[in-house]
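Here we start with a single chain on its own, the form predicted on its own, put down as structure tokens.
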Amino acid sequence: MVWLGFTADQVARASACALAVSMLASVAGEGRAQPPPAGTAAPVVSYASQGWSAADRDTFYTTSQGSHMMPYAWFKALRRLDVDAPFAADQLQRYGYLRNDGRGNPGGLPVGFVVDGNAPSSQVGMTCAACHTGQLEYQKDGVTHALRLDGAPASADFQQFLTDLTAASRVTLAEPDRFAAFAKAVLGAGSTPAKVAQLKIDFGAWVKQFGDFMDASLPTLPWGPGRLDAFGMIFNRVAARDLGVSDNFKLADAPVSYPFLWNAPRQDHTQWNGGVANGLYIQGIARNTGEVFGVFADFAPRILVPGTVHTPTVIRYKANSADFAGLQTLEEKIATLTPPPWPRDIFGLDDQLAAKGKVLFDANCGACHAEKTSPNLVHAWMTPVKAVGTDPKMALNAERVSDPGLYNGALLPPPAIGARFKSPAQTSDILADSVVGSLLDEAFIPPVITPARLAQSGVWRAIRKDLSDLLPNEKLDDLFGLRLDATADLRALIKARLGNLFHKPATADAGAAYESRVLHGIWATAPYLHNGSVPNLWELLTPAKQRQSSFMVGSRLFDPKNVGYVTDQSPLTNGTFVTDPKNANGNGNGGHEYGTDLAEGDRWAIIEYLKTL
């Protein structure tokens, strides 16, 4: 008998805790309005009804995940180059980030920017809310209103922010007067010549490493608002910067849209190329650990035991700043987030047309986008990974190879058994090894293995949350006491569930294949396709040759007819998006021509139905 992927004999031989994890392995509001900024006519913000309270939203906006971009005191003291003002005085709204006037934000940082640690060593960093919080605006009775869409793609220009932060830091270091003012702001009344000299050394070291990383990573053709080459930046951080192998740097030149977060925990695969098995909290924390490694987490793996001809190199991954408890808190919060309902009280809805559209959607789109229970996980939906003729650059870049550096001779990540890293290696394997190793070091290196630490550990919280759902009648305290004699079995079982991490699944189509998610709330996620190359739903249902070759991005003014944002204006510097019919630079807008041959009225009916999801 095979039960949940294990034979009865195997189950009988396992310890109670190992048994529990094996089962884990195979089964798978209304908020307060924001006041306008002083001296501006910014709209008052209301919130879509997505199942969150104001406290939930504050948690999402301000929980640290261990990102260490730069010391917070330096960030506060840094000044802009274009005007005489602190770099973050406008809460970075000039880059499209959103104001955060919630109770949990005493530093006045934008949504998704947080302070990690305690002064004077606290660091400013980012969290998932910075990239996954959207907002639409509309006019009513001559007044601009805003509707916050939690979990929706941000419209921020991340590359321009990084470029300007690098430039401001370099000029501050280079210009004596500017550095003197910076040092005075950082050191305050305790300033001495010796402290100023040390600050210059420390700041100079930071500027060099940060600037070198940006010079090697940021492409000449900007990503533009609402896009980021996440895989490219993560690969560069881990395989090049953190391993100290500069030849591993490659331009992060395959930007994609930020995916929407609601229902993300329910998909059985996630990331645009379907590269992360999903649906369990342990898989979610692996996904998010890779993400925080890309947005400035400290990570310094080292060789613990050198390898020999007969034994592999042993790596210690513990030296990292990833906040696993924070990551788990964020994932638990996202699991309760519901899709934003179409605001019919503002924009209206034709129910009769939507009913017609449902029939057409089922016939033309349902094969990829309908809810289908995953065969591997009880509470997950299948996520087909399909090649539909869209731009291939992201998928191609995800297959890059690198020198594994100090990982040479170490064991490859699961599902490889006994095989070791050699050069060149898949960069995705280097990242997967870093993530899995960090999770296992967090979970199994003392002093984690104590009752108190088990309760605090984000990794063990993830496992326990899964088990409480999968085993509602078990006494989990009995399973999680000090019965850790099966540590090796537990490590093996967790590693097995994280196999093929950051590789597209075996069920994916060949070629440039991308995930096809359930489309709840899709109306709130423009622009469309994995690379944001199609501005609205009407264009998505238009033959590729007739789609706009150029349009503006970054505006929050909503277009309820075509379902997207207006395309004739942008408040941001890099607001013009130019498509690439040759698919050479990641901006191709071809493919995904499902339903495009329908009569115009039928296509409008599908769009009306999509509003109701």
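No experiment lies behind these values; they were computed from the predicted model shown. Heads up: residue numbers just count along the shown sequence, starting at 1.
The next section is about a form of this same protein that is not shown, the form predicted together with ligand HEC.
- Listed stretches are 301-309, 126-134, 212-220, 239-247; the contact stretch with ligand HEC in the predicted complex is 126-134, by a heavy atom cutoff of 4.5 Å.
- The putative spot formed by 356, 608 and 612 is not touched by ligand HEC in the predicted complex; no residue has a non-hydrogen atom within 4.5 angstroms of it.
- Only one of 95, 460, 258, 324 comes within 4.5 Å of ligand HEC in the predicted complex through a heavy atom, and that residue is 258.
- When you look in the predicted complex, the only residue of 465, 266, 79, 386 with a non-hydrogen atom within 4.5 Å of ligand HEC is 386.
- Residue contact check for residue 520: none of its heavy atoms lie within 4.5 Å of ligand HEC in the predicted complex.
- Proximity of residue 361 to ligand HEC in the predicted complex falls within the 4.5 Å heavy atom cutoff.
- Taking the partner from the other structure, ligand HEC in the predicted complex has a heavy atom within 4.5 Å of a heavy atom of residue 158.
- Remark: residue 365 counts among the residues lining ligand HEC in the predicted complex, judged by a heavy atom distance of 4.5 Å or less.
- Residues 287, 288, 291, 295 of 282-303 are found to place at least one heavy atom within 4.5 Å of ligand HEC in the predicted complex.
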